[in-house]
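One chain comes next, on its own, written as C-alpha cells: the form predicted on its own.
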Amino acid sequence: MKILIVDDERDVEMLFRQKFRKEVRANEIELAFAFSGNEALEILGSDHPPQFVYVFSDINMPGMTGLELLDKIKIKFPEINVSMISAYGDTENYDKAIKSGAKEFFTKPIDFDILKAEIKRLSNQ
C-alpha cells in the first residue's frame, strides 16, 4: 500500500519513517512525501492511474492548503482515501474536511496507533 504524506514541515518525514519503520521493512506499506499541495498533485499525477491508496495531508500549509488539496484530489482521483491533520482541533476545519470527503481528521500530535489502525482497515478493504 502506497501512502503519500503531505506537510510543509520537513521533519515530519523523519517522524513517519521512524513510526512506520517496521511496516516499511515488512513491505506492508511504502511511504512517499510531498512538501506542498502542488508537489502532491505532481506526484499523484505521475502515474496513471495513481498507485497511491491513501493521502495524509496537513491542513495549514503555505500556498495551497490541505483543504484545497483535498478538493482537488477528490475531483481528479476520487478513489484515493484522504485524511487530514491539523495542529488545531477546531470544528470548522473538521466539518470542512469531512464534508469535502476526508476519511479521517487527526490532530497533532498524531496518535500513530489510531493512524496505523486506519491504514490496516484500508488495506483490508
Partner chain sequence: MYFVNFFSLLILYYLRSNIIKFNPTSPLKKWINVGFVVASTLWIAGGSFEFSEAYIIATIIKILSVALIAYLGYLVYKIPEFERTKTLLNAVAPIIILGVIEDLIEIINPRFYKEWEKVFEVALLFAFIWAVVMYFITRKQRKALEIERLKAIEREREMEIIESVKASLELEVADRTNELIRQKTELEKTLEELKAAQSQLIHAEKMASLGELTAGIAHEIQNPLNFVNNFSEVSIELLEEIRELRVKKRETKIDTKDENEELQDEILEDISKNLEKITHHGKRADSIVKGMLEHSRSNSGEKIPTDINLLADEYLRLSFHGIRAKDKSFSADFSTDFDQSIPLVNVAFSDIGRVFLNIFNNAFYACNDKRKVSESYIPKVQVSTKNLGSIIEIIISDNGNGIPDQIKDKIFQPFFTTKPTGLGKGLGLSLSYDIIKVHGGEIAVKSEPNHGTQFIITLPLD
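Bear in mind that the values here come from a model prediction, so they are computed numbers and not experimental data. Residue numbers count along the first chain shown, from 1.
Below: the form predicted in complex with its partner chain, not depicted.
Residues placing heavy atoms within 4.5 Å of its partner chain in the predicted complex fall in a single listed stretch, namely 80-88, out of 67-75, 80-88, 93-101, 31-39.
Put simply, A117 is far from its partner chain in the predicted complex: not one heavy atom of it is within 4.5 Å. Although the partner is absent here, V24 lies well away from its partner chain in the predicted complex, with no heavy atom inside 4.5 Å.
Taking its partner chain as positioned in the predicted complex, the residues of 100-114 that bring a heavy atom within 4.5 Å of it are, in sequence order, K108, P109, I110, F112.
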